[in-house]
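Same chain, two versions here, written out as structure tokens and called structure 1 and structure 2.
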Structure 1
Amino acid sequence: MSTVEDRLAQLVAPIEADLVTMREVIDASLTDESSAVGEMTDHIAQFRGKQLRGSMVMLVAKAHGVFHADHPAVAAVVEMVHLATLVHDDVLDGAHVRRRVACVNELWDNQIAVLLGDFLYARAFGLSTELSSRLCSSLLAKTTQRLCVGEIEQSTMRHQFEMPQATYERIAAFKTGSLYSAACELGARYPGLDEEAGASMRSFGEEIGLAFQIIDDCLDVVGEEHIVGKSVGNDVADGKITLPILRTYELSDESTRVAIRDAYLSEGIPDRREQLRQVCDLEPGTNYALARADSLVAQAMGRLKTLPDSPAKHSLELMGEFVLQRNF
């Protein structure tokens, strides 16, 4: 099997030069005369990771034959919004590590992390207003609203062990799927083109994004930090009930359900995830969640069938495989 780096390089090969442009736009947008801000933006440059959302903007555009000179900047806006969500998410989750380096809230504090996230949002939307079409600003404004609603609803649903799966998926689609969805829609529609293609790619992105979140939720309960590259067990510590837990709880007898609830709710447990792993068998629930992610990716792949063959289309097909096979 090829390494993660090899697979990612293969995936982004059709847009390699465009990614360079996107990164240059991001670097220019995050430059600030404040030395304090500069130190922080230099630090979070290490969080950029795979940049899948920005890549999808440009891959979708090329696969549809509508690549526009603004698309690298559109991709940069999407990535900057994503970067802002990472900084804020680490505060919400009480995370310590991301991309194997200290989170902003760990290295500085929560107040600074919140303000830095706000700074990133402001710079992202400032850049979007300089583009030749308002579509990017309009669509991403709605998307950030959905992101916030998803996070708010997830926070209000803590310790809901009998939450319907549809509710979990709606929240996950808002908090993660929505930015993937917007990225793909902008790729197909920007600067205001085919709305039908945009709708199809909006669904494609949401399905890929929801699958990504489900995989992430599985890694949070069964992954290892040194492999995943970020803090794990945060969802359990914060009382968030994700799909692998929902299914595990549903399959359990009452005594095991009591033990699961105790792992989340009893006081004085230093490592709630480890306690959870000791009191129940997470494998059936995790396998169920992984199968759901696989189903979502299959749905997404079906939306690519009408596209003409091209290197960009092939990369979008690889994206589904990449999401399912990731362990980080």
Structure 2
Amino acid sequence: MSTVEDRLAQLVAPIEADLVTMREVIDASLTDESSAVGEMTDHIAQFRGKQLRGSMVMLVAKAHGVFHADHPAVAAVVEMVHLATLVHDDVLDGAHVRRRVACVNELWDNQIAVLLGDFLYARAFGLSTELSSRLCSSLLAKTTQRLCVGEIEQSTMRHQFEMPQATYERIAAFKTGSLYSAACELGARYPGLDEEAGASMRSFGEEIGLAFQIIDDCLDVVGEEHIVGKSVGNDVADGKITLPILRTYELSDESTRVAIRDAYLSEGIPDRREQLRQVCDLEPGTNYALARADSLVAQAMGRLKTLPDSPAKHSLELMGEFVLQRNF
């Protein structure tokens, strides 16, 4: 089986040169006259990950034959918004390390991390106001609102073991699906041309993003840290009820439900995830969640059918597989 890096390289081959342009725009945006701020933006440049969201902007544009000179900058704006959310997420989660690099809240402090996240949001919006069309500004502002609403609702729904699956999916669609959705909509529609293709790709992005989040939630419950490549068990520790847990709880008898609640809520449990794994069988719930992610990706793939064959279209198909094939 090919490595993640190999599969990713194959996936972005049709936009290789455009990704270079996108990264130049991001690098130029991650500088500031203030040496204090410049030192911080230099540091977070190391957080660069797979840049799937920016890639999707450009792949969708190419697959629709509507690639615009602004698209690399649009992709950069999407990645900058994502970067802002990462900096704030690390404050919210009290995280220490991201991609083997110290988090801003760790290297400086929470104050700085909140302010730097605000700065990055403002920089992203500022960049979008320089584009020829206003679509990117207005869509990204709406998207950021949805993203925050998703995070806020998630925070207020901690320890809600009996919330409907639709509530979980609404939250995941808002907090994660929305930026994928905006990326794909902007790919198909920017600078504002084809509303119908925009709507179809908006759904495509939301389905891919939601599937991505479900897989992430499964990894957090049943994955191993050294294979997943990041810390696991955070959701259980933080009281987040994700789809594999929701389904496990639903399938459990009353005494197991009590034990699950205890694993989340009792005082003095050092490793809540380990406790959870001891008191219930997580496999059926996890399999249910994985099947839901499969079905979301299949739904998304159906939306590509009307597009003519092209390397970019093929990459979007690979993206569906990529989201699902993550290492546990």
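Just so we're on the same page, residue numbers count up from 1 along structure 1's sequence. Throughout, rigid core stands for the largest set of C-alpha atoms superposing within 1.5 Å between the two forms. No experiment lies behind these values; they were computed from the predicted model shown.
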{"property": "Chain form predicted in complex with a further copy of the same chain: structure number out of two", "result": "2"}
{"property": "Core-aligned C-alpha movement of Thr31 between structures 1 and 2, 2 Å or more", "result": "no"}
{"property": "Rigid core superposed: Ala289 CA moves 2 Å or more between structures 1 and 2", "result": "no"}
{"property": "Rigid core fit then Met40 CA moved by 2 Å or more between structures 1 and 2", "result": "yes"}
